[in-house]
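Shown below, as structure tokens, is a lone chain in the form predicted on its own; questions about how it binds or moves come after it.
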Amino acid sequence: MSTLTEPEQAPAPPEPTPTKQPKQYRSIEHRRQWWGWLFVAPFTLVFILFLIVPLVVAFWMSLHTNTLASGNAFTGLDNYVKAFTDPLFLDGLKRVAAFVVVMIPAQMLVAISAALVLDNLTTWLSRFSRLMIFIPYAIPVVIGAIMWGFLYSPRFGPATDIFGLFGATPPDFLAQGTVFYSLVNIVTWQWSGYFMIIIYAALRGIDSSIYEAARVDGANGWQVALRIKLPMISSSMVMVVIFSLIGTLQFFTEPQVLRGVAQGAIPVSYTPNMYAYTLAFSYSQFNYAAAISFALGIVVFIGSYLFLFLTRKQSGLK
């Protein structure tokens, strides 16, 4: 009587031994790496000479105080303590914080609205509209501010003629009480087109089959926009807000250009950057101006980090 025997297991194949790359292949890879470093070298050199080195020198200057009595003396963090207790610097921080509260929502509203409308257009009007909305960003900031200064001018601007047609007196757009909103209008006009392009590109990356499924389920246009499109591009919107936040906290060019025609409505310490510029180039306080600049950099870093931390789920950061 025969008994069943279990089949013998085949021996496991030997593990493949790692093979060394041919010497010629390693030589080609080595040359490619050197060519890569060679192409990156010009940018690296410019980056070090015109960004890293000036930052190091400016930080070293911020740790010194230059006086007639003691000369250029090392004072450590005294300039930073002075900066964060300086009422002019703190007033400038409050003012740019007010710009953040008003300007960023205005820019986001314009950019998102324009991107959503253009995303639904499929005719030549879409391409033309994208170009027209983006053009203000292509205009240099200084030229744009000069142009708006002319439009706001009560003597040369067109507001007097336009309001005169209705027998009304135009408001003074450069007065102390209205210059804040005039600056908000300039920056919103200048940057909304750039932010619109970023949001529009994110919308075009969404699979159209998702919209078709939503419409089959009975969703209308508003529901598709608010419940599908915007949540799916939340990371792009977080990036746009970060760009706007960093730029607003470093507000300088527009108020500096309009200061000459605003008749005292924009003081030299209107923003922290303007204050540092005035200290350095009008009063030759280069050490304290460097400390003001780095103090503003600390505020920008903390503000950006807090926003990214609070929106880490929307931005995809863990």
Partner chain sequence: MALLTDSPDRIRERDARRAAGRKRNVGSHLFLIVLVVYFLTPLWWLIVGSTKSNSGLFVGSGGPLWFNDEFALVDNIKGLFEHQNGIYWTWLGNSFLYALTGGIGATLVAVLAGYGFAKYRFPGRNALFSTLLGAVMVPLTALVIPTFILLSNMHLTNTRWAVILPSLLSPIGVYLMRVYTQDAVPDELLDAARVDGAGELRTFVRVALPLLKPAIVTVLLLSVVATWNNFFLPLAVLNDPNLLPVTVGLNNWQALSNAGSGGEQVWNLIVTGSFVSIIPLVIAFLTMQRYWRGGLSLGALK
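In this text, the rigid core denotes the largest set of C-alpha atoms whose superposition between the two forms falls within 1.5 Å. All of these numbers come straight from a predicted model, not from anything done at the bench. Numbering follows the first chain given and starts at 1.
The form predicted in complex with its partner chain exists for this protein as well; it is not shown, and the discussion that follows is about that form.
In short, of 223 to 231, 153 to 161, 67 to 75, 91 to 99 it is 153 to 161 that has heavy atoms within 4.5 Å of its partner chain in the predicted bound form. In the predicted bound form, every residue of the candidate spot (F43, F50 and Q256) has a heavy atom lying within 4.5 Å of its partner chain.
Only one of the listed residues (A168, A138, V81, I210) places a non-hydrogen atom within 4.5 angstroms of its partner chain in the predicted bound form, and that residue is A138. Contact with its partner chain in the predicted bound form, defined as a heavy atom within 4.5 Å, holds for exactly one of I104, A175, A214, V110, namely V110. In the predicted bound form, at least one heavy atom of A276 sits within 4.5 Å of a heavy atom of its partner chain. For the chain shown alone, T188 is a contact residue for its partner chain in the predicted bound form, at least one non-hydrogen atom being within 4.5 angstroms.
Shown alone here, S244 lies farther than 4.5 Å from its partner chain in the predicted bound form, counting heavy atoms only.
Proximity of A58 to its partner chain in the predicted bound form: non-hydrogen atoms within 4.5 Å are present. F43 shows a C-alpha shift of 2 Å or greater between this form and the one not shown [criterion: core-superposed Cα displacement of 2 Å].
With the core held fixed between this form and the one not shown, P54 has its Cα displaced by at least 2 Å.
Superposed on the core, the two forms barely differ at A98: its CA moves less than 2 Å between this form and the one not shown.
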